[in-house]
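Just the one chain here, laid out as structure tokens, in the form predicted alone.
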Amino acid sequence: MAHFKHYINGEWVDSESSIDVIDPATETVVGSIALADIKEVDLAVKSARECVTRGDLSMPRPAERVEYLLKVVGELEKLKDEGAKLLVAENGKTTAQAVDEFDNAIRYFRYYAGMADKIEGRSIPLGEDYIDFTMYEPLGVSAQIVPWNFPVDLCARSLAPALAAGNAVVIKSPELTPLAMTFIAQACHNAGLPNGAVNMICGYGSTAGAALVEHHDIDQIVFTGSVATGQSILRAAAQRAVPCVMELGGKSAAVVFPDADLDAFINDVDWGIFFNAGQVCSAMSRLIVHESIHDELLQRVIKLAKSQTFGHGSEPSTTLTPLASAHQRDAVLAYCQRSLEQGASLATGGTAIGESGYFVAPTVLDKVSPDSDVFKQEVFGPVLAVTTFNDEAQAWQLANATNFGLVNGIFTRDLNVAMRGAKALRCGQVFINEWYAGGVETPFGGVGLSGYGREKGQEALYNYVRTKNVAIKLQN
């Protein structure tokens, strides 16, 4: 076991208290990490503020930020294999999934390195007596709270554009899975980023998280997590009108028409709801299928669910990984039980499996009512809710019948149907004929209870700057 520390002002800093990190597949301790309180939060924010005041990232030519980010790419490449092993142990992911998460983090730094010197304003014509132009300035200190389901990926997703725009960052890692994230801080350190540009602390949301979002010296909050926590952060941010980027989860639907390629779609179901045990904000948690193909598709999905093999992520045969904690497992099982009480039919699963670890059997719930909790609320587990429709208008109505609006998918060979759906669906991203289509380059975010602001793509970069207008009256 190893003990990990906070990264503050270019140094690794320990705390009086620490927390053990548990392997969710075995329920054994894999390591420990220093536990932050208000003191460490103050130190991290102070370090970031001093970096901003010195202008370490904002004053030099943007080309220097390009070089910093490219150096981080190189350092992460060196660290990713070791980091991926740690991610498997603390998060329960398979080895392939953990390596891919580090690779995705590397993609973010490479992508935003290519944009760091292209944040350009524009001139505005006001007549011959005026010169008017806009310029983009970094916000300052960005406070970023990272969730436990994809800690390395989602840390890089917000850290890279924040640095590209010239901000300093304070990251609060999740207490369940904080260890592999430290490799990002190590890569930034090895790349020679200025002291205070990146600070990483681990702490509980109720203490370190609350102290961070309420701190008087932060200029922005970036949060991915639950609706309830996001709403609490927004209330704190409102006291000082601090701008936020909020990604609060989803209840995403795959709408499947009779002409869909069902052989291809089964692979989408596998990735959409059983990948990472369904602990994905954009998971395919609802299947809205035309009644004419319901029976055939249901049998295929049941067969897929029963084919999953659970085990430790380091075992090559593992396809179903554990949930992150006993609390998460129990919450998922409670949703399954409540759905049956509300009229759903259990097609398969719905139980805990294994003698140790936080595993839940791949679950398919049929005949799910649009009024039930499992149809409307985010379960965050390997649970697929199946509902039928009989015409196109009803399909879009059912897909929109939640307060979430992150992503949805449409599966059809008819381009006209697909494009009508893309316009009708109330969400931030629409997948057509492939779940998780897109990538680092495509903007991601939601509407309604899924939050606001956009991560990924060019749009994300402009979350991290403010626009300033300069208007000049020429003298005669």
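Because the structure is predicted, anything quoted here is derived from the model rather than measured. Residues carry their position along the shown sequence, with the first being 1.
Absent from the display: the form predicted together with a small molecule. The rest refers to it.
Asks: Tell me which of 210-218, 255-263, 130-138, 74-82 has residues with heavy atoms within 4.5 angstroms of the small molecule in the predicted bound form?
Replies: Stretch 210-218 is the one.
Asks: The small molecule is absent from this chain, but in the predicted bound form, do P62, Y112 and C188 each have a non-hydrogen atom within 4.5 Å of it?
Replies: No, none of the three is in contact.
Asks: Just to confirm, I233 within 4.5 Å of the small molecule in the predicted bound form by heavy atoms?
Replies: I233 belongs to the contact set for the small molecule.
Asks: Is the gap between E378 and the small molecule in the predicted bound form 4.5 Å or less for some heavy atom pair?
Replies: Yes - in the predicted bound form, heavy atoms of E378 and the small molecule come within 4.5 Å of each other.
Asks: For E175, is any heavy atom within 4.5 Å of the small molecule in the predicted bound form, or not?
Replies: So E175 counts as contacting the small molecule.
Asks: For Y108, is any heavy atom within 4.5 Å of the small molecule in the predicted bound form, or not?
Replies: No, Y108 sits far enough from the small molecule in the predicted bound form that none of its heavy atoms falls within 4.5 Å.
Asks: Looking at T348, T95, T229, Q394, which has any heavy atom no more than 4.5 Å from the small molecule in the predicted bound form?
Replies: Exactly one residue meets the criterion: T229.
Asks: Counting any non-hydrogen atom inside 4.5 Å, which residue from Y335, W148, Y358, F275 sits next to the small molecule in the predicted bound form?
Replies: If I apply the 4.5 Å criterion carefully, the residue I get is W148.
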